[in-house]
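There is one chain below, alone, in structure tokens, taken in the form predicted alone.
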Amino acid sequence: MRDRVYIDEIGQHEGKEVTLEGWLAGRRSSGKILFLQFRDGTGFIQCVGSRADIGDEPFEAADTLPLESSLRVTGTVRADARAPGGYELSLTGFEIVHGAEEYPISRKEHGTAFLMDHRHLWIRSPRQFATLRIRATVIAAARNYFDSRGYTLVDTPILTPNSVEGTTTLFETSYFNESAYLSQSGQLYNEATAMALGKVYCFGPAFRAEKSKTRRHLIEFWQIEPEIAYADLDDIMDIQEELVCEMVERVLETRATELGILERDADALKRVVAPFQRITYTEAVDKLNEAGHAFEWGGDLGAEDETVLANMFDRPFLVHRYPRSVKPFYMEDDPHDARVTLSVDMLAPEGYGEIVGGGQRAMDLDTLEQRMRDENLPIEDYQWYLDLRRYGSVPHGGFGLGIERFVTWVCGLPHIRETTAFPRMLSRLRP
């Protein structure tokens, strides 16, 4: 296999002649000097060549080549502080691998619908490239956090017989002679594996049939979910805080170029250091009302409420002890206040809202069964889950961190749809 040089390692080859393989992302010329914007999937670099260096015929061919044609370019790597990434390629030659058809996405403004219809091509643009690279780093950092601390990765089912979050947001499918549902969360299964392995996490897709068109919601999204035996609410908050700090730190360390492409304020991310402020739900309600945002105790915090709250902080913060009425049946009650649960959400600053949700799980069998009756859940379908309270029940807890919401905030994006290669939304199933 031949040695390959990639743009993201171009600095290792300063002063040397190299060949890059990729695509034409842009071009301009003065008639005598040609400037090609070239990309290879790891980054972008400007290739500069003159007629004298590459010849009249290749010069004219390059000057009329459609965007996104695939090329091999050869030239000498030259440091240039003005260039993105700090380097340019002094072009000495190129080979056309495939001359593209006229590219449908031009430099003019395109509407969102057009870009989403051409999402398979739009992901080649610098902003989408940067976002997807940061997403990959976020996922790697999250998995490394758990892997390096003794957690066991356990894959949980995508097809399940049970609801986790609510029966109104399930995707139902036929499973031979019975119904099954696309998973909303791996949490219930995580609770079982935590009783076997102590500290576990799962990472995978989740599906919510929510008829929502907000900038924070996708129908299909990915989340990482740890579950820990013998953990209480304070433990869960500590882990959330440590995890988020480590993920942001990894992005700052390794994705400065991508953050620059997105024009993301790195100083805002550098403020993401522990400790995070922790406030109760009741204190959050007081803050909202003091800010002139009317909110009644007992209601769930919506996107607008979270935005108002989040604008009061310069780093993520934790809201804990939500009312029983707005949290799922499996949340543990606060022993000091029966109105609230040992639950916690982490909200991102700059108006981005919830990025993590979790808490301590109900430990007592009788309590859990009564909750299920109150919510009209079919107890017979949850006998396996109730067994966890029959055979060695312990205090335990966990949370889910939504990758897309986290990336939306870290990248400073206006809408969650750009955080995944092919988003699924209420009106978007293709491409």
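Source: prediction; values computed, not measured. Each residue number is its position in the shown sequence, starting from 1.
This protein has a second form, the form predicted together with a further copy of the same chain, left out of what is shown; the following refers to that one.
Visitor: Between the options L269, L71, M312, L243, which residue brings a heavy atom to within 4.5 Å of a further copy of the same chain in the model of the complex?
Guide: By the 4.5 Å heavy-atom cutoff, the listed residue in contact is L71.
Visitor: a further copy of the same chain isn't shown here, but in the model of the complex which of E296, E263, E178, E290 has a heavy atom within 4.5 Å of it?
Guide: None of the others qualify; the residue that does is E178.
Visitor: Counting only non-hydrogen atoms, choose the one of 299-307, 326-334, 339-347, 200-208 that falls within 4.5 Å of a further copy of the same chain in the model of the complex.
Guide: Heavy-atom contact with the partner occurs in 200-208.
Visitor: Is a further copy of the same chain in the model of the complex close enough to L182, E220 and I239 that every residue in that trio has a heavy atom within 4.5 angstroms of it?
Guide: Yes, each of L182, E220 and I239 comes within 4.5 Å of a further copy of the same chain in the model of the complex.
Visitor: Though only this chain appears here, would R390 touch a further copy of the same chain in the model of the complex if you measure heavy atom gaps against 4.5 Å?
Guide: Although a further copy of the same chain is absent here, R390 would touch it in the model of the complex, with heavy atoms inside 4.5 Å.
Visitor: Does at least one non-hydrogen atom of D40 fall within 4.5 angstroms of a further copy of the same chain in the model of the complex?
Guide: Within the cut-off, so yes.
Visitor: Is L365 close enough to touch a further copy of the same chain in the model of the complex, meaning at least one heavy atom pair within 4.5 Å?
Guide: Contact with a further copy of the same chain, yes.
Visitor: So in the model of the complex, does R124 come within 4.5 Å of a further copy of the same chain, heavy atom to heavy atom?
Guide: Although a further copy of the same chain is absent here, R124 would touch it in the model of the complex, with heavy atoms inside 4.5 Å.
Visitor: Even though the chain is shown alone, can you say which residues of 187-203 have a heavy atom within 4.5 Å of a further copy of the same chain in the model of the complex?
Guide: Sequence-ordered list: Y189, A192, T193, A194, M195, A196, L197, G198, K199, F203.
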